[in-house]
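In structure tokens, one chain follows: the form predicted alone.
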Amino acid sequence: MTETKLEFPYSRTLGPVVGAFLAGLREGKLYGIRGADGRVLTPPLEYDPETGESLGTDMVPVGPGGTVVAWTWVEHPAPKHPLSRPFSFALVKPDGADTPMVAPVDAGSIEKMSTGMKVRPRFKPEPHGLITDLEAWEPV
């Protein structure tokens, strides 16, 4: 049996919207962007998902807290998971945002997780301008 390695050897510049979002994470801040209908979309998008029109580059601060909208529990994390202990992958809607973002929640146990729970972001002590600078959300 021959092993095949599938790669996509390209790079993409982040641009002013995603770049500003990741720069905010590096600084311990969360941002969204206002959609064509006035909703605040987090993470921010370059184009409105309903109309396809450009949303510009004016970022809207959101957070710092958030609310768990939906979640699933990971009892046995794999090596590439964001945390090495049991955690939740959740849809977290930052305060001031109208859409949720997928992120890990480090609640400690499944019994401490619930839909509607309030959480706050935990940022890595040494950020690198990546989505993983938001290490996890934690219960308030």
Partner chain sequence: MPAAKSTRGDIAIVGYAQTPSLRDANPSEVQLLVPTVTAAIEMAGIGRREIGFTCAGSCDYLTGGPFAFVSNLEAAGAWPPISESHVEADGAWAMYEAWMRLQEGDIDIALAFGSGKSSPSNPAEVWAQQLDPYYLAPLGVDPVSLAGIQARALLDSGKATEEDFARAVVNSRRNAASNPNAQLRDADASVEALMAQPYFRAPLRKHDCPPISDGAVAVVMARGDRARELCARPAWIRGMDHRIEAHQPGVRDLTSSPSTALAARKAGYDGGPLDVVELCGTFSPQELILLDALGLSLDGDTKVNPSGGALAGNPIMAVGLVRIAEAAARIIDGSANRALAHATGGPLLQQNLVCLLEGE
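Source: prediction; values computed, not measured. Residue numbers count along the first chain shown, from 1.
Beyond the structure shown, there is the form predicted together with its partner chain, which is absent from this document and is the topic of what follows.
In terms of contact with its partner chain in the predicted bound form, the residue from G28, P49, G56, G108 that brings a heavy atom within 4.5 Å is P49. When contacts are judged by a 4.5 Å heavy atom cut-off, M117 does not count as touching its partner chain in the predicted bound form. Within this chain, V62 is remote from the site of its partner chain in the predicted bound form, having no heavy atom within 4.5 Å. At the 4.5 Å threshold, heavy atoms of R39 reach its partner chain in the predicted bound form. The closest heavy atom approach of S84 to its partner chain in the predicted bound form falls outside 4.5 Å. By the 4.5 Å heavy atom rule, the three marked residues G24, F123 and V140 all fail to count as contacting its partner chain in the predicted bound form. Annotation for 80 to 94: interface residues with its partner chain in the predicted bound form are K80, H81, P82, F89, A90, L91 [heavy atom within 4.5 Å].
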